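Presented as structure tokens, the chain that follows is alone, the form predicted alone.
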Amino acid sequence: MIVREISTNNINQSNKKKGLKAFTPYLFLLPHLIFFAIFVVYPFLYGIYISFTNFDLMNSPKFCFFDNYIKILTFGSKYSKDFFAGLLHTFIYTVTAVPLIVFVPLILAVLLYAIKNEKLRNFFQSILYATSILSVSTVVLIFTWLLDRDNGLFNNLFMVDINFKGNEILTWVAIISLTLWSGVGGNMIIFLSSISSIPKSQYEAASLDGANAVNRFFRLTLPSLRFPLTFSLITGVIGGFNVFGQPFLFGGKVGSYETVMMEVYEYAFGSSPMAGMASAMSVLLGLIILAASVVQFKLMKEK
């Protein structure tokens, strides 16, 4: 009887220890989950909530149900013009910038991988990645100085007189250039890591079969990068549709540089705040981003 009680106690203690061990990982995750709930989940849900209200940041929000969405989707209304104009500018930026910040880093990663000297490769890799650690405001300040009409390095170096802020096309070129310059490093590191993980024996076998560098890239390297490419494209599109800092700081608040996020900012914190309308625009933009991401994922999966 005593032996049975001792064995029962041992089993209970063992089960308690197993339970504590199983619960321990969640204790480490708890601080992150708390911050995630406070700073991500709550603002996300509250943003959806106030999109159905006439909240103006001053008075308590009052339900107006789908009025904000109806105003945005009513063709010819001020809100519709602002939203779809911003969406057009956002689309122009995305379809121009995203392919560049995916394929330029891919080319750089292939070129870096071709460098046999590891120290030299690491040197160039560090230089190319360094721009990725700079904030958007810092990058915009650098390009503002480089492209200044009177005192900029570009005009003085090439002895030309180009006003990058006086022409819409040139302003877009500058905005996309600074985006590429600051965003090339992250994707390059991802692609270089993926290429480095491909067994060298596969390249050697392809070379023995008579495949040149171009054939090896399209038939061996590129198919091996389908997951990093999918990730970079989807995150690039999400970032492109959420672009705010580059056009806001370099292009200005008025003109063909106003993206959807700039319209949201203006409606939320402008002279006559309409936070409910701004939230409705954000929700619609989120649905567009979700649809674009799903389509991309399916296309990349099929290819």
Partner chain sequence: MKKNKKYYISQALLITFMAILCFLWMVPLVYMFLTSFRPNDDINLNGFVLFPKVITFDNYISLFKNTQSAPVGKWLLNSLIVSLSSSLLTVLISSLSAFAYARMRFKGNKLLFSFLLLTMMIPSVISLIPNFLTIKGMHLNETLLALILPFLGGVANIFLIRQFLYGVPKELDEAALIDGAGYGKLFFRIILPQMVPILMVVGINTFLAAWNDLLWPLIINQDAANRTMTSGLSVVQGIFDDEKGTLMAVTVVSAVPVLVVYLFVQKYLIRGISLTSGMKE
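Numbering follows the first chain given and starts at 1. Every value quoted in this text rests on a predicted model; they were computed, and no experiment measured them.
In what follows, reference is made to the form predicted in complex with the partner chain, a form of this protein that is not presented.
The partner chain contact in the predicted complex: Phe217, any heavy atom under 4.5 Å = Looking in the predicted complex, residue contacts with the partner chain do not include Phe217, since no heavy atom lies within 4.5 Å.
Give a yes or no for Leu249: in the predicted complex, does one of its heavy atoms lie within 4.5 Å of a heavy atom belonging to the partner chain?
-> Contact check for Leu249: yes, within 4.5 Å of the partner chain in the predicted complex.
Mark Lys116 yes when one of its heavy atoms lies within 4.5 Å of a heavy atom of the partner chain in the predicted complex, and no otherwise.
-> Lys116: yes, in contact with the partner chain in the predicted complex.
Val184 within 4.5 Å of the partner chain in the predicted complex, heavy atoms = Val184: contacts the partner chain in the predicted complex.
Could you work out which of Val136, Ile176, Leu88, Ala211 is the residue within 4.5 angstroms of the partner chain in the predicted complex, going by heavy atoms?
-> Partner contact (heavy atom, 4.5 Å) among the options: Val136.
Looking at the partner chain in the predicted complex, is some heavy atom of each of Leu120, Thr144 and Asn156 within 4.5 Å of it?
-> All of them do, each having a heavy atom within 4.5 Å of the partner.
Is any part of 188 to 203 within 4.5 angstroms of the partner chain in the predicted complex by a non-hydrogen atom, and which residues would that be?
-> The stretch 188 to 203, when checked against the partner chain in the predicted complex, contributes Ile189, Ile190, Ser193, Ser194 at the 4.5 Å heavy-atom cut-off.
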